[in-house]
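What follows are structure tokens for two forms of the same protein chain, given separately as structure 1 and structure 2.
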Structure 1
Amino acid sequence: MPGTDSSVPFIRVTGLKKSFGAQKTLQGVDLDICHGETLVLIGPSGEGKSVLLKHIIGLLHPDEGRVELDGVNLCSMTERQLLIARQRMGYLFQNAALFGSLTVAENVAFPLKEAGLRDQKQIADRVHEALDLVELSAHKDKMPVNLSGGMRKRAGIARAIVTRPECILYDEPTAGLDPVVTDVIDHMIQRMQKRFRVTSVVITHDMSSVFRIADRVVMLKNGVVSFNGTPGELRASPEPEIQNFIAGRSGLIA
């Protein structure tokens, strides 16, 4: 469960820089993420939101800067230490990234087995609990190819939460979904946060989702944080670029 020292951010990103060849993606990101909050990352495509998430979970190493988890620098950890740290976080990849050769239940069980759990009854109970939370218990024996887009996302959420992480990172959980299914996914994110007090970091381009689920909103632009505030502060911002982004007016953000 989340740490008890609320004075220390659960995740702290300091001076984070990352380039891919000549492309400077992150150019000095500073960000604190508090225990138990739902933080939503927004901004134009290609501004490094997914890259930031991959640094938080330790899948990428920064060129400069650091990422701290409960005050401990992830960037200085060995691979073994990183594996342990990652067990505190769940990750929903874009398009859910389910294994096509495994059933829904087997996909959800995969992180438990990777973490070394061998008790088959305990695995089955944890998988049932996770699938029940996302209302997919009746579909546990289906293959991913036989699921709708929304069901695949829900299965991905179940896989992300089955280890009972302290933090869940969602990379565009509602992309490509219709408004009704988007609403279902948003309510599931809220349910996870309220029931387990997990820290949630959500990337989305759906502004209705932003105002529905966010405790705080951070906008990335030109590789740095250009806005950091509440949904109400975002909506009231006098910045034309922010208002254009909220309204979805194309061609007006560099």
Structure 2
Amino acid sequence: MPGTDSSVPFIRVTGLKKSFGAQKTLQGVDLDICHGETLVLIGPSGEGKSVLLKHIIGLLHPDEGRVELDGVNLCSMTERQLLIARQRMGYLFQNAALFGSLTVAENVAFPLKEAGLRDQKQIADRVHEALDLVELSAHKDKMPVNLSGGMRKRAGIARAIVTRPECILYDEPTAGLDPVVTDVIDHMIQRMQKRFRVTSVVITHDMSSVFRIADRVVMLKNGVVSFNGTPGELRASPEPEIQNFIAGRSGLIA
């Protein structure tokens, strides 16, 4: 694995349980994420992948278990302490969650300004650079409502990476994108890893993306980690469920 520089994992999830009412979404998830690795999270829809990602950044509080960032338990922090811890991370929401009252460029500039950057020229350069990476520079002055789903997603990615965080969590970055732009985003994720040793956690349903970018693949099923290994191991897995998932077969017979 490139860039693994300590024995303590960057992010460690232990025994994570979370229910919404009667629905048990996460039922004891254990997961280590190392510095500099790209971990891809797969699994059926509604299995709690987004919920797991939100726990990793402290947006949700677990019923049981803990999430540690460099050995520090996020679950015992106050919201104000979490705000500081989160500045090391970037997060792409599944629905992008752009600020509806700001233009694309203002959305991307937002985290820079909040991080205390004041130099307007520097802000503009960084925004331009981030939008360029997702091929969205031409639309920087549009309002989010006037963007297509895929464009919104890319604006969300630009906003997540613009502060150059150590760790970026992507919730379905390529859902709704055409194959060419999907490739652009996959390359961008890889480039960030190689150049800045960024740790990435990527939720995706796109199996070709999985094999392109993943150092490690984790499958979430029935609220627990049902597979954890390299893409090669995933491909070689004898489990019919995993093979069906990779091939996109429902198991139904016509």
Partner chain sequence: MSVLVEMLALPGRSFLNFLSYLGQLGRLVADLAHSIFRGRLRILQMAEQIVGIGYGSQAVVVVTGAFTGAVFTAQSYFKFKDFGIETTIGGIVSVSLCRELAPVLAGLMVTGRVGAAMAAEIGTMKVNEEIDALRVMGVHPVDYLVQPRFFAMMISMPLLIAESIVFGLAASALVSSLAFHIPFTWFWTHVVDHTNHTDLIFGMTKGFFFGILIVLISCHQGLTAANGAVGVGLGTTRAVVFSSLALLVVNFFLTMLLNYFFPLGTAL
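What we label the rigid core is the largest C-alpha set whose atoms superpose within 1.5 Å from one form to the other. Numbering runs along the sequence of structure 1, starting at 1. These numbers come from a predicted model, not from an experiment.
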Exercise for review: Sort out for me whether 1 or 2 is the form predicted alone.
Suggested key: 1
Practice item. Split the chain into its two rigid parts between structures 1 and 2 and indicate if Gly176 and Phe196 go to the same one. Key: yes
Check your understanding: Two rigid parts, two forms: what's the rotation of the smaller one against the larger between structures 1 and 2, in °?
Key -> 17
Point to revise | Following rigid core superposition, Cα shift of Glu135 between structures 1 and 2 in Å | key: 4.7
Practice item. Any chance you could measure the C-alpha shift of Leu117 between structures 1 and 2 with the core superposed, in Å? Key: 3.7
